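Read the single chain below, which is given as structure tokens and is the form predicted alone.
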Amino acid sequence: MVSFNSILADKYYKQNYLEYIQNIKIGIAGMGGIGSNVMNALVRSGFCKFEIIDYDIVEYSNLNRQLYFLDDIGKYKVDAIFDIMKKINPMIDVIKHNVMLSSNNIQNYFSDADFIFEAFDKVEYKKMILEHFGNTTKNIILSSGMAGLLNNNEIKIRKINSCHYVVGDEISAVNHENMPYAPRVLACASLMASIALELTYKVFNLTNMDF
């Protein structure tokens, strides 16, 4: 049986680079529209080591933009996304935390993560991530502003400093008149995932790899 890893090594990456990214540790805080789709993009890109956090369950209203299915309704999101990702690459190594992240327990998570993806809706959670990890060398990738129907080309990557990034339009907040829809949410998640792949490639310093 052909494995997912062998497909990547045969068609997309040199073996030594693939082995390198498979040892990069990814932390994702929140497994909703952003987090589930970030993980999907990263697993399909060859990343294997994840630590994921969410306390919520999958609901019908999630299906318009989150990477879940009808038979996931009622499951904890960390369990559902793990099962889905294993169908892509059974070799992934995932640490799941079915907890609500808070200032009282955040020190227990992401201690060895190379990248931390913030995928929460509320500003206070974004602030908490930055306050706790902002003085470390971890790459922190935040989401901000991807609600609405209009394709106004404002979703972008902004580099805050050497290891902090924010992705989105940084304006459009989710509310009853400005709901999150798949096109903009998935665009934001894909750009966030692309940062990890690009930075990993630059660190590895391969200049002749054919994608």
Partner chain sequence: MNEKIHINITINGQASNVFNDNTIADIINTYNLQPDSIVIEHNQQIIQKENWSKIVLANNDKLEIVRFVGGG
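In this text, all values refer to a predicted model and were calculated from it rather than measured experimentally. Numbering follows the first chain given and starts at 1.
Beyond what is shown, the protein has a form predicted together with the partner chain; the following relates to that form.
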### Message
So the partner chain isn't shown here. In the model of the complex, which residue out of V43, L142, L186, V58 has a non-hydrogen atom within 4.5 Å of it?
### Response
L142
### Message
If the cut-off is 4.5 angstroms on heavy atoms, which of these, I157, L63, A182, V174, is the one near the partner chain in the model of the complex?
### Response
V174
### Query
Looking at the partner-bound form in the model of the complex, is G148 within 4.5 Å of the partner chain by any heavy atom?
no
### Query
Is there a heavy atom of G32 lying 4.5 Å or less from a heavy atom of the partner chain in the model of the complex?
yes
### Message
Check V123 for me: does it contact the partner chain in the model of the complex (non-hydrogen atoms, 4.5 angstroms)?
### Response
yes
### Query
Does the partner chain come within 4.5 Å of any heavy atom of A119 in the model of the complex?
yes
## Note on the structure
Only one of 83-91, 98-106, 133-141, 67-75 has residues with a heavy atom within 4.5 Å of the partner chain in the model of the complex, and that stretch is 133-141
### Query
Does the partner chain come within 4.5 Å of a heavy atom in each of K127, N161 and H164 in the model of the complex?
yes
